[in-house]
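For reference, the chain that follows is the form predicted on its own, supplied as C-alpha cells.
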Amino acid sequence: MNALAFAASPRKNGNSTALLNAYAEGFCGAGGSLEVIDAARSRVGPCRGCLRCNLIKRCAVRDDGWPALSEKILAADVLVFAAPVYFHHVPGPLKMILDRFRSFLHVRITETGLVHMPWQEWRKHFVLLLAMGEPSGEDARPVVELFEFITGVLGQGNRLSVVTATGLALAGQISMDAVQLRDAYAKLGLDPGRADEDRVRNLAFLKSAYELGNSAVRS
C-alpha cells in the first residue's frame, strides 16, 4: 500500500508535521510506503478558472508542478493532509493544491445546483491531520467540511479519517514535556498547572496518528 502525504506547515517544527511523522511511523512500520510533499515547495500554482478541464479531462495548466503531482495523487492508495489551521482553514499552498482537484471532475450546472462526476471512480483513504491553537476543535470545522465534500464527490468508495489536535499554539508544543509546557504556559499567561494533563493529551494525539497509519495498512 502506498500513501502520498502533504505537509502544509510553514513552521520548521510544526505540530502538524509531528502528527504526520507519527502517522508515517505507523504506516511504514506496518509495511506501507509513504512519500511526503512539502506543499510550499510543490511548484503548484492556483487554479486559473479556465474550466477547460471539463472538456479535456485534465488540468489545462501544464507549466507548473501539477501534471507530475496529479499522477502521484491518482496512483496513491492513501492521501494524507497534515496542516495547521490558520484563520479557520489550511495554509495557502495546500489550498492551491486542493483547488486543482477540480480537474479530476466534470462539473455540470443545473437549475437546482451543480452535478459533480469524477473522470474515474476513486477508492482512496483520505487522512486529515490538523493542529490548532483553539481548544475545542471548532476552528477546524470548515476544513473538515471541505474534505467531506471532496471525498464524497470523487467517489462513494472513498473514506475520510480525521485527527484534530487542539490547544497547540506554539511550534513543537505537541512534543514538549511537562516542564517545557509549564514554562511555555507561564509565558503565554496560561495556567501552568495544566501542563501534566496536557502532556498526556498531546501524547494521545500523536498515538492516534500513529495508530491510524498502522491500521491503514493492516485493514
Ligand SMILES: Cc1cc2nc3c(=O)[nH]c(=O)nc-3n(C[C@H](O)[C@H](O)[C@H](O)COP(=O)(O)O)c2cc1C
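Each residue number is its position in the shown sequence, starting from 1. Fair warning: this is a prediction, and the values are worked out from it, not measured in the lab.
Beyond what is shown, the protein has a form predicted in complex with the ligand; the following relates to that form.
Taking non-hydrogen atoms only, Ala169 approaches the ligand to within 4.5 angstroms in the predicted complex.
Contact annotation: Phe87 falls within 4.5 Å of the ligand in the predicted complex, judged by heavy atom distances.
Under a 4.5 angstroms non-hydrogen atom cutoff, the ligand in the predicted complex lacks Pro118 among its neighbouring residues. Not displayed here, the ligand is kept clear of Ile97 by more than 4.5 Å at the level of heavy atoms in the predicted complex. Exactly one of the stretches 32 to 40, 51 to 59, 161 to 169, 178 to 186 approaches the ligand in the predicted complex with heavy atoms within 4.5 Å, and it is 161 to 169. Shown without its partner, the chain has Arg11, Gly14, Asn15, Ser16, Thr17 in segment 10 to 28 as residues with a non-hydrogen atom within 4.5 angstroms of the ligand in the predicted complex.
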